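Below you'll find only one chain, the form predicted alone, shown as structure tokens.
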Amino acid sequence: MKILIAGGGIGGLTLAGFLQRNDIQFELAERAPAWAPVGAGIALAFNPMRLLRELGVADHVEAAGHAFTRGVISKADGQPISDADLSDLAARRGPTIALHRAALHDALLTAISPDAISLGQGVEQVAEKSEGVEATFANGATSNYDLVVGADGINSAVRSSMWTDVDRRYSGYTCWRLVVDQASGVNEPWEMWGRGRRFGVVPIGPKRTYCFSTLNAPPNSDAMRNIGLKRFREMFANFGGAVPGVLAALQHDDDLIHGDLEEVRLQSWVNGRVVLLGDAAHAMTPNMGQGAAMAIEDAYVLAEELASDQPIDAALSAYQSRRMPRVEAIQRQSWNFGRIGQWESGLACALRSTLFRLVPASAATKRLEAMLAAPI
């Protein structure tokens, strides 16, 4: 087989690593001209960590990140409404690790031969031909492949070339991500829920804290995109805990990484000899912390099916059958959880706090474990 992976993000690099372990030849084309420490933080629960351990990169991830033992949700003033002890879960299933995305990229690159990667070579278009799939690159060059894998993110050029029935839905809230020097008192992830807005802080390794914030807002808002630190601080000025220290530590407008939160749903992830994985296939809101995990699982399953003794078409069908129900369930759960977190009326927020206090955190943790431990 001659396989092209379009995109060197988490899903693309993980697929490359598992294909290499199975002695399957591939090329990986990444649009960026060089690997750079872009992005913010990420949390990897036990389900992707199990696969990264199989790939041989888990030790790198654990060394670069911070292992969770607790997770707290509170009101904006810092008063907890849910406080989950994750130590038993970690003992049974393995740790959840938070780290910078760039550190995860570095870990994944250790499992791949550099000779298989072409930087500065984004895939602009793909088209089915009688002899396979023709890919057109950013420099105008073309090449034919037996299989093209679109791992090129929510704005996938591969998907745009071959799919027309794309359901891309805005969540109703926008997001800012940032990384600061270690915030005082932040030793475990802590998410604070206000009225129509949230702020979270997560330690991601030596002396750094990943932060995320959300706000109910119209889509594609220039005001949100170009918000500036002054206005950003004003929007979250009534939050307590570590938030005031984080806001004070910000120095430049470009410390804020902004993006509207959307999800992508498709009837099929396979179109002939073109297949999608990760955000290109099923971008989801980040409320379950499972977006990257689903991409890693996709990559593992796709590599496993391609390595089996079956035709490519059958392998792609099996991949989709195995993955789609699980991904859609987690995508739906994340969407619903986020809608509750973004409730805006005072009465609804008071009811939310009461309901969360009534549900034991241990019960919520067990439900989460059952979902994440389901077959991939």
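Computed from a predicted model, the values in this text were never measured in an experiment. A residue's number is simply how far along the shown sequence it sits, counting from 1.
Keep in mind that the form predicted in complex with a small molecule is not shown, yet the notes after this line are about it.
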| query | finding |
| --- | --- |
| Contact residue in the predicted complex, chosen from Ala157, Ala76, Ala217, Leu109 - any heavy atom within 4.5 Å of the small molecule | Ala157 |
| Candidate from Arg177, Arg233, His100, Arg197 lying within 4.5 Å of the small molecule in the predicted complex - any heavy atom | Arg177 |
| Whether Gly71, Ala84 and Glu191 all lie within 4.5 angstroms of the small molecule in the predicted complex by heavy atom | no |
| 4.5 angstroms heavy atom contact with the small molecule in the predicted complex for Asp279 | yes |
| Contact label in the predicted complex: Ile42 to the small molecule, heavy atom within 4.5 Å | yes |
| Partner contact for Ser171 in the predicted complex: the small molecule, 4.5 angstroms, heavy atom | no |
| Distance check, Val270 to the small molecule in the predicted complex, heavy atom within 4.5 Å | no |
| Stretch from 219 to 227, 233 to 241, 109 to 117, 286 to 294 whose residues place a heavy atom within 4.5 Å of the small molecule in the predicted complex | 286 to 294 |
